[in-house]
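Okay, so here's just one chain, in structure tokens, the form predicted alone.
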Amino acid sequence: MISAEFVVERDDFLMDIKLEIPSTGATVLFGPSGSGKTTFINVLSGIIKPMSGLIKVGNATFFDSENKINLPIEKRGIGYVFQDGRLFPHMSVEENLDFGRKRSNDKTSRKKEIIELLGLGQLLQRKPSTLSGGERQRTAIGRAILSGPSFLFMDEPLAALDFARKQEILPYIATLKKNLKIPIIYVSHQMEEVVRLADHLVLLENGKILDHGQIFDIINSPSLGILLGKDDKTSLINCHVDKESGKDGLSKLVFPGGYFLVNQKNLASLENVRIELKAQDVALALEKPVATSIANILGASVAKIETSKDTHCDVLLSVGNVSIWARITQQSASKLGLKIGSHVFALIKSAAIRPF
């Protein structure tokens, strides 16, 4: 567990934090520009010294103002990936990677593994000036990992990339999260990165924590709606890819409570995926349709009904032990006679399901 309690003050900005972060998986710090995301990880890494506070990682104390402890940056065991990569321009890709490896206390080099995971094999002799933005960031990530860190900090590593390069590098980061087995703290203000990578989510605004917790809980919190400036509901569900996937162009994604059919056959090579499902893409029926083009029909029970000030209402469905949100009009909810415990069928088009 990472325990952080500190105060930072500069100019007209005050950051007052008290938070515990799990030391497993990926924690995403999310908020608008100027909310304090980079300041937060710079305090944890030792780049910024807070005015006061206590920062502990497990049994190790990084900072303790009362006892005058401030562990040097190089002794905190942190690999840091900046927005711009910050590669050494006079070194090749391989030399940049080796620079990170020389700083590691781990004598069992993972160089070959990291090169393969990040797809750097064809780039090793090239200089940073000849690389695309995505290639530079992959190299920077590899250098940080090969330094043998206990934690990986990533400060908006995709911010300087165009859409195509972001789509190129996101799968690499997701793969690393699965394979590294070290905690990642990732700064972002892009929801696509959040839903794809986050296990835990911390919402920041004006130096304060609005909310934090597991991504499946925070994704629909009122605080996130305020930050995004919109009132949406999203379901995130972890699924296992059935081995028979790919037939007829469809993939079968199994979850505790049923399965989804998705019109993407390229998922067959994967073991697990996370799907995103917007509430407005889920329709409800009291009886199971017998003649329909909709591929996903799931039996469910109504767990919660939220009525908005507008004309819609959000219905939380229990499908096995998984929760799925549906957004329908208040008129439809009235016609269906929905109440807590009602048995319904959720109707979801394959094209509405977004797998990562």
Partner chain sequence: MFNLTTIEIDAFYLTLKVAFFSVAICLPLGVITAFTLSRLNFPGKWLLDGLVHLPLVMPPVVVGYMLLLLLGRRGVLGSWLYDTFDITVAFTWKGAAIASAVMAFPLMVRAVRLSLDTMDRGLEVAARTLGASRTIVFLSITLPLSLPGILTGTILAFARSLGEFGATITFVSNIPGETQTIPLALYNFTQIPGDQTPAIRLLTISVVVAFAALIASDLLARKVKNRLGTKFEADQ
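Just so it is clear, the structure is predicted and the values come from calculations on it, not from any experiment. Numbering follows the first chain given and starts at 1.
This protein has a second form, the form predicted in complex with its partner chain, left out of what is shown; the following refers to that one.
S.K.: If the criterion is a non-hydrogen atom within 4.5 angstroms, does every one of I73, Y80 and R143 touch its partner chain in the model of the complex?
M.R.: Yes, the whole candidate spot contacts its partner chain.
S.K.: Are any of the heavy atoms in K230 no more than 4.5 Å from a heavy atom of its partner chain in the model of the complex?
M.R.: Contact check for K230: no, nothing within 4.5 Å of its partner chain in the model of the complex.
S.K.: My question is simply whether G100 lines the interface with its partner chain in the model of the complex - judged by any non-hydrogen atom within 4.5 Å.
M.R.: Within the cut-off, so yes.
S.K.: Check whether G121 has any heavy atom within 4.5 Å of a heavy atom of its partner chain in the model of the complex, and answer yes or no.
M.R.: Contact with its partner chain, no.
S.K.: Are any of the heavy atoms in K127 no more than 4.5 Å from a heavy atom of its partner chain in the model of the complex?
M.R.: Result yes; K127 sits at the interface with its partner chain in the model of the complex.
S.K.: Going by heavy atoms within 4.5 Å, which of 274-282, 86-94, 175-183, 160-168 lines up against its partner chain in the model of the complex?
M.R.: Checking each option against the 4.5 Å cut-off leaves 86-94.
S.K.: Ok, A295, M51, I47, I69: which has a heavy atom sitting within 4.5 Å of its partner chain in the model of the complex?
M.R.: Of A295, M51, I47, I69, the residue with a heavy atom within 4.5 Å of its partner chain in the model of the complex is I47.
S.K.: Which pick from V195, L131, L224, L261 sits with a heavy atom within 4.5 Å of its partner chain in the model of the complex?
M.R.: Contact with its partner chain in the model of the complex is made by L131 alone.
S.K.: Going by its partner chain in the model of the complex, which residues of 294-328 come within 4.5 Å of it through any heavy atom?
M.R.: Going through 294-328 in order - heavy atoms within 4.5 Å of its partner chain in the model of the complex - there are no hits.
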